[in-house]
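Listed next as structure tokens is one chain, alone, in the form predicted alone.
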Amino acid sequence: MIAVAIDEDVEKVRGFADNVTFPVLIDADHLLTELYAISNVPTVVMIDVDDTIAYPNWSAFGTDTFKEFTGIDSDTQKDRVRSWVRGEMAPMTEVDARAAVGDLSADEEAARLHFRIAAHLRLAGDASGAERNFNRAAELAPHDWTIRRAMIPLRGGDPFGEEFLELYAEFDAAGRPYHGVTGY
């Protein structure tokens, strides 16, 4: 098991990873989210020993902290992972996996580019350029949490505050769009 934090603040990630017994990597440039079409976090991708994706993106939680928001029971998800590890559950076919995840749309790809530009401009001290690109990314992919939620702390907001709750309400009203396997 490997965790990847979609974050640029090593110290914040270190605080969350203090008692974690597996590697935790940081993807400040959001490359993994682009590679695997991840549009929400936390997301699990199960890859077997042959480096084949057995199960693509599915939203998963290790605790029931967000159960009120998501309706997802962490024990059910843990049982699913255990079943796959024990060989009790066959991997998805490539056709089914591709159908479940789908490709990013041109707008979603452009949004991720604008997000990366914004993050770079922010670090370079160009606040207005960063803000312009953050806004454009949000317009192009309004329900992509790896962009919208990631923007909140980069813009100085609380990632679990009022802006998060507003984002969640928009996501919920839109039918919880998601690139990945649903129903787990």
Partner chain sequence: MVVDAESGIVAIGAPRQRRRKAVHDLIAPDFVLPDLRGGVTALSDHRHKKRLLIAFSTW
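Just so we're on the same page, rigid core means the largest C-alpha set that superposes within 1.5 Å between forms. Positions refer to the first chain, counted from 1. Note that this is a predicted model, so its numbers are computed, not measured.
There is another form of this protein, the form predicted together with its partner chain, and it is not shown here; the text below is about that form.
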Can you work out whether D79 and its partner chain are in contact in the predicted complex, taking contact to mean some heavy atom pair no more than 4.5 Å apart? no
Does any heavy atom of A141 come within 4.5 Å of a heavy atom of its partner chain in the predicted complex? no
Heavy atoms within 4.5 Å of its partner chain in the predicted complex: does A3 have any? yes
Closest heavy atom of K12 to its partner chain in the predicted complex, within 4.5 Å or not? yes
Even though the chain is shown alone, can you say which residues of 114-135 have a heavy atom within 4.5 Å of its partner chain in the predicted complex? H114, R116, I117, H120, L121, R132, N133
C-alpha of V95 moved at least 2 Å between this form and the one not shown on rigid core: yes
